[in-house]
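Shown below, as structure tokens, is a lone chain in the form predicted on its own; questions about how it binds or moves come after it.
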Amino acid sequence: MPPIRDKFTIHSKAVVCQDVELKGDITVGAGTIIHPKATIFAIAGPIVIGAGCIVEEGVILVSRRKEVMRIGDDNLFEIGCRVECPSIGNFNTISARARVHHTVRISSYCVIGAACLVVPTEDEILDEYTVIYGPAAERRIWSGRGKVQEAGLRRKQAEYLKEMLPKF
């Protein structure tokens, strides 16, 4: 296997901390914030991260398929989660220590709960507003109530991080 060539395209309005591990062909959109100790590996195919995403400490994003791993806008990857799925829509939350396998495609407004393991044996697409929670990775559909407030909170969090992270 040939060595992985690094090619980073980072938008001028994105914040990528110094202690981030990047490998492969990675594109980061406007307003995206990548915390220290995050790891992004484009092993098989490139990774394209949309605008306004927040990637917290210890997050691991890995592209295991030859196709482009597309991550939409305004997604939140919380501390210590690992995501390998090739397609992620907009406004999703992957909670702390959750793991999402490369056989899953996430649409928009989905929530993967803390420490949930999403590892289907066959390819699967999560419907919009799907919530996965609990130790058995149970599922339900969210009504969508409160999504405007959630988006506002996420924007405030991003503004705060843009102001504070460069100071460290």
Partner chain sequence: MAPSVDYYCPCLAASPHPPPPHLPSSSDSFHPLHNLFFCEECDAVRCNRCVMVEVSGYYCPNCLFEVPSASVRAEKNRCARNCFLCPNCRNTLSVVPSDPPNDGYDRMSPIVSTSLGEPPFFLYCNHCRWDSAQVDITFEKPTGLAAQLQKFEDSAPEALEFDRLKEHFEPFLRASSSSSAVTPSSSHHHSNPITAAASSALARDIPGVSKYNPLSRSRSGRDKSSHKADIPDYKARMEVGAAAGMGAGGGEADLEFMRHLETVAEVATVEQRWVNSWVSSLHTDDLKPLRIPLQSKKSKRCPSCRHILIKPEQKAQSVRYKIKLVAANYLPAISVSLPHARAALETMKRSLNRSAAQSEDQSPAAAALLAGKTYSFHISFTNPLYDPIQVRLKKAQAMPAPGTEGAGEKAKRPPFQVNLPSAAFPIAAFAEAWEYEDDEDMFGLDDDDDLDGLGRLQKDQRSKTRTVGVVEKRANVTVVAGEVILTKESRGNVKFNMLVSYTYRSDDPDPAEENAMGTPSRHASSKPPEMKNFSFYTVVDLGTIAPREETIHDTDM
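Positions refer to the first chain, counted from 1. Owing to the predicted nature of the structure, the values given are computational and were not obtained by experimental measurement.
One more form of this protein should be noted, the form predicted in complex with the partner chain, which is absent from this view; the next part is about it.
Picking from 56-64, 139-147, 37-45, 97-105 the stretch near the partner chain in the predicted complex, with a 4.5 Å limit on heavy atoms, gives 139-147. Shown here without its partner, the chain carries 134, 152 and 156, all of which come within 4.5 Å of the partner chain in the predicted complex through at least one heavy atom. Shown alone here, residue 111 lies within 4.5 Å of the partner chain in the predicted complex, counting heavy atoms only. Put simply, residue 84 is far from the partner chain in the predicted complex: not one heavy atom of it is within 4.5 Å.
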